[in-house]
Structures are given as C-alpha cells and as structure tokens.
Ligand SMILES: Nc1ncnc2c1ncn2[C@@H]1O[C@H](COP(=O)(O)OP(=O)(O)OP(=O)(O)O)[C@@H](O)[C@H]1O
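A lone chain, given as structure tokens: the form predicted on its own.
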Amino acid sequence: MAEQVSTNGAPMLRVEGLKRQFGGLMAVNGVSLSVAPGERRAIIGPNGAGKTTLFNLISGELHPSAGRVYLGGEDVTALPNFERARRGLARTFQRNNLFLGLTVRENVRLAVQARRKVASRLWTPVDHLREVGAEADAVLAELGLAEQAHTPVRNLSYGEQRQVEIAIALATRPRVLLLDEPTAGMSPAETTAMTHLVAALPRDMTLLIIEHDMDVVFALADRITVLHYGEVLAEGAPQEVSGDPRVAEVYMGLESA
C-alpha cells in the first residue's frame, strides 16, 4: 500500500457538486471530492461509472452542467484546459497522445518549451535552448528513459510510450497529475514497471489515478473514491473500501452478504 500522507490543511484539488449531462444521460451527478496536497487518490468504478467524464471536467476538456472545480484554492471552473495546465494541472489519457515521428527527447523537449513559453518567442537565446534540453534530459533520467532519448516514439513498446506520456506531463512541472488508466492494455511485466514508476514520482505531487487493476490501486492509493452511475458510492482508505459490501456488489461483481 502507498505511503500515507497527511490530509490536514487546504486541499490541492477540490470539486463541489459536479454534474455533466449528455442529453438524457447524467454522466456525473453531484460528485464532490477533496484531495490533499501530495495525496494519491484512486478513482475506481465499473465501466460507465463516469470516471473519465469526471477527469474531463477537472482538466477542462468538458465544462460542467453544474458545480465548481478548485485548484490550489482557486476557482478554475470557467478556465479552459490550457489555463488550468498553466496553473499546474497535467493529465495523461487512455490512448497515447504523442508525436510518434519524433524522438522521446523531442517529445519531452516540446513540453518543456511550452511551459517556458520558448516556442512563442521569435528570438530565443542559445543558453535558454540549452537549458530546455538539459531539463528534458533530467526528466528522462528521472524516469529511466535516458537510453531511449534518441529513439523515435513509434519504435517504442506500448508500455514505454505510456512512460513517455508521463515524462511529458512531468516536464510541465504539475502540482496535480491526472493519470487515466496508466496500465490499460499492458502486459504483466509492463504493468509492474508502470506501477513502480508511478510509485517513485515525487510525493509533493498530488495524483489522481483512474485504474481498473485493483493490485495497482492498492499499491499506489492513499485513498479511494468509488463511482457508480456518476455518483460517489464509497470513499476511504483502501482497507475501508475493500471491506465495503456495496463496493463488492457493484464493482467486484460479488453478491453482498
């Protein structure tokens, strides 16, 4: 189980009464969460529970039908996704979102440039470009990807590509990182490697993780929130959630006693 963190003080991420309706379907229905700085929160639930929609609302990919999103105490509900990213929110997706024709280093370098706003400058000092490259190299070394730095992303294994996605997210220096199904489609060996990678991320970074593999959830999560039909069914420490008969019935596929 993950190292526990203190939940005292102001939350790093807070959502209040989030709702999102698609026609007659209420995909997210009044979800409220409070995630402490440095906490690792897993969001679990059966297919169609509203997990990815919730992530889309938090990251700004979707606007809520009702409710608020706060990042570090600031109300970011009306802000687009790129403005939330500038305030320290990063996200990976279920499907790889990479420049496959570029090398690993080039992908990460672009993220560093975007954060430093180097790409928007017509004239950039050479020293600044060196700093960008050095920072990209440091991120790759941190995640054990230095040997693949000059490999085109399309030549990597699926698991390695998912690691590059996390490297790109880290290059933006986020305060909050949303990981959407980080081990989806991976072999057991790749799943183990990804779990170790996520576990080794800095503890001052707040993580939200959507994950179906319960072994991964229990290895990483300080707390777990269970969604069912777009609503919070249960929330608590891993041992509390695993012992909840409602969770066993709707998520684990077991009948409650």
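Since the model is a prediction, treat every value here as computed from it, not as a measurement. Just count from 1 along the sequence shown to find any residue number.
Same protein, other form: the form predicted in complex with the named molecule, not shown, and the subject of what follows.
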item: Partner proximity in the predicted complex: Ala193 to the named molecule, non-hydrogen atom cutoff 4.5 Å; value: no
item: Contact of Gly48 with the named molecule in the predicted complex (heavy atom, 4.5 Å); value: yes
item: 4.5 angstroms heavy atom contact with the named molecule in the predicted complex for Glu181; value: yes
item: Contact test in the predicted complex: Ala36 vs the named molecule, heavy atoms, 4.5 Å; value: no
item: Heavy atom within 4.5 Å of the named molecule in the predicted complex - residue from Ala237, Leu25, Ala248, Ala10; value: Leu25
item: Contact assignment for the named molecule in the predicted complex, among His212, Arg68, His63, Arg203, heavy atom within 4.5 Å; value: His212
